[in-house]
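First comes one chain, alone, set out as structure tokens in the form predicted on its own.
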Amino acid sequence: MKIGYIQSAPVFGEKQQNFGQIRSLTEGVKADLLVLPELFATGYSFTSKEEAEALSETTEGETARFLKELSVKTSATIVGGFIERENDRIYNALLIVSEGKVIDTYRKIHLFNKEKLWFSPGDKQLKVYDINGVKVGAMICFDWIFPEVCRTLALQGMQVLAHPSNLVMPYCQKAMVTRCLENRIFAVTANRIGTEHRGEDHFTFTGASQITATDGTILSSAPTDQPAIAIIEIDEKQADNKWINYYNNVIEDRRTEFYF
């Protein structure tokens, strides 16, 4: 399976310009799974809930249409972040798109910082998708800090984790080594670059998008300050082997009677 990340530099509120960045980065690219950053079409630093609402969409909106186009162009399943609107609520969400069709959305469970002012917390169960015979799970950015997310998906048989992100803290890339090692999974963390100074907030995004293997090996790491795309061919079946050695299995050795 060929898996990859797209690391971009979104311009706040300029969806068509941000789509154009992705089109340029993916010219001539073919893959099986491509992961885009969190909120790649809109930018991140909102100054009000009304501003976030104005940029929100349904699964039939322009971001979904763009990702459908991209999935056909690249022959890949695409996972990318957007603001999902449903009734009177908006969510920090992602779209899973394959062969020109929306498969599903996932809504971020663990909201970071002022996201709690703009978005409703995710209300969908964690789920693994069988995509062309590969079991793919998804989470968004700050979900990484809660090991229960990856473990829940791993217990459902996840082989590859798609992880759209807008990382500003310096911890996640190193932590994904542990997430992959403790669950024996592959992960694609797609981060963004650049800065946003809006209202009282001044964020610098850390880039360094990363593909991590089941043994914690970093297979690809992007620059911290440049757009980038990387595709790595993996054997996803390696994620079915949960043995660290002859005696220790990361799933079977759990002592759940001692856990909360």
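Start at 1 and count along the sequence shown; that's the residue number. Keep in mind it's a predicted model, so treat the numbers as computed, not measured.
In what follows, reference is made to the form predicted together with a further copy of the same chain, a form of this protein that is not presented.
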> From the list A93, L111, L167, I131, which entry has a heavy atom within 4.5 Å of a further copy of the same chain in the predicted complex?
Replying inline: L111
> Among 69-77, 118-126, 132-140, 82-90, which stretch sits within 4.5 Å of a further copy of the same chain in the predicted complex, heavy atoms only?
Replying inline: 118-126
> Would N248 sit within 4.5 Å of a further copy of the same chain in the predicted complex, counting heavy atoms only?
Replying inline: yes
>> Check D104 for me: does it contact a further copy of the same chain in the predicted complex (non-hydrogen atoms, 4.5 angstroms)?
In response: no
> Does a further copy of the same chain come within 4.5 Å of any heavy atom of I244 in the predicted complex?
Replying inline: yes
> If you check in the predicted complex, is E99 within 4.5 Å of a further copy of the same chain, heavy atoms only?
Replying inline: no
> Mind listing which residues of 182-212 have a heavy atom within 4.5 Å of a further copy of the same chain in the predicted complex?
Replying inline: E182
